[in-house]
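Just the one chain here, the form predicted alone, laid out as structure tokens.
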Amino acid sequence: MTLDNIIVIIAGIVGIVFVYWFFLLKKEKIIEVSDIKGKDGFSHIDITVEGGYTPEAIAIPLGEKTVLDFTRTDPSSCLEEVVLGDFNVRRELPLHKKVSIEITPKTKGTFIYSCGMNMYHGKIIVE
């Protein structure tokens, strides 16, 4: 076996391990918002929109009014809009401006929100 064959085999193994880790072992970070209160007395969570949504997953309590504050810093046209289908919300996200969306979940579960083209997703977990 020559040196170039060994290098290709090692690079292939490293690539397989990376793909396995990235798609199967990567754990999403869930932000709990029950303790984050704004001046208005409601729970607030800041969501940055840049190449997706950060944080990607948030957990909020059932029946409590929560304000999602989206700030888009990515000029991509795909991220110009956010859609919370389960809450019947579709909002434009102007570049570098905060857009606040108030929701009050009525049922427990996991609710997905996305960009207008349904390419980028976030998750609201109601507990």
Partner chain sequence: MTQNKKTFSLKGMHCASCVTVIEGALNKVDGVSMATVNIATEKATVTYDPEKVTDQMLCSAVSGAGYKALISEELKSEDEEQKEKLKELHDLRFRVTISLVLGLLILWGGFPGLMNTAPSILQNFWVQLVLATPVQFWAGFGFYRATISALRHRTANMDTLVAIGTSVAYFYSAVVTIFPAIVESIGVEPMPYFDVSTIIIALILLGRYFEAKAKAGTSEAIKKLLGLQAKTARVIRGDKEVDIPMNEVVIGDIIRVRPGEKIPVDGVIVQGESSIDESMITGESMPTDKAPGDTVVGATMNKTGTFTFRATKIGGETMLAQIIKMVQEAQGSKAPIQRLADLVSSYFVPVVLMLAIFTFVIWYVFGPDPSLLYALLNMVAVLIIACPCAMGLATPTAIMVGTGKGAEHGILIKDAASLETAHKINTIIFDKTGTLTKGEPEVTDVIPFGSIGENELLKLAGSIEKGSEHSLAEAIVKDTEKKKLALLEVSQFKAIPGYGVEGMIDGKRIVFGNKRLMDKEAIQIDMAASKIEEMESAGKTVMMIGSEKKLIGIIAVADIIKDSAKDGLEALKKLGVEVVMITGDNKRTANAIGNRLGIARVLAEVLPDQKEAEVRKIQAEGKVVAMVGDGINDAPALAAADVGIAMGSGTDVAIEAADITLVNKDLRSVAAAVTLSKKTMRTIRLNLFWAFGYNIILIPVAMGALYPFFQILLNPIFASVAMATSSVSVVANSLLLKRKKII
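Every value quoted in this text rests on a predicted model; they were computed, and no experiment measured them. By rigid core we mean the largest C-alpha set that fits within 1.5 Å across both forms. Numbering follows the first chain given and starts at 1.
Unshown form predicted in complex with its partner chain; subsequent notes refer to it.
- Contact check for P105: every heavy atom lies farther than 4.5 Å from its partner chain in the model of the complex.
- With a 4.5 Å cutoff on heavy atoms, V89 counts as touching its partner chain in the model of the complex.
- Taking the partner from the other structure, its partner chain in the model of the complex has a heavy atom within 4.5 Å of a heavy atom of N118.
- In the model of the complex, its partner chain sits within 4.5 Å of a heavy atom of L84.
- Put the two forms on the same core and the Cα of V17 is off by 2 Å or more between the shown form and the other one.
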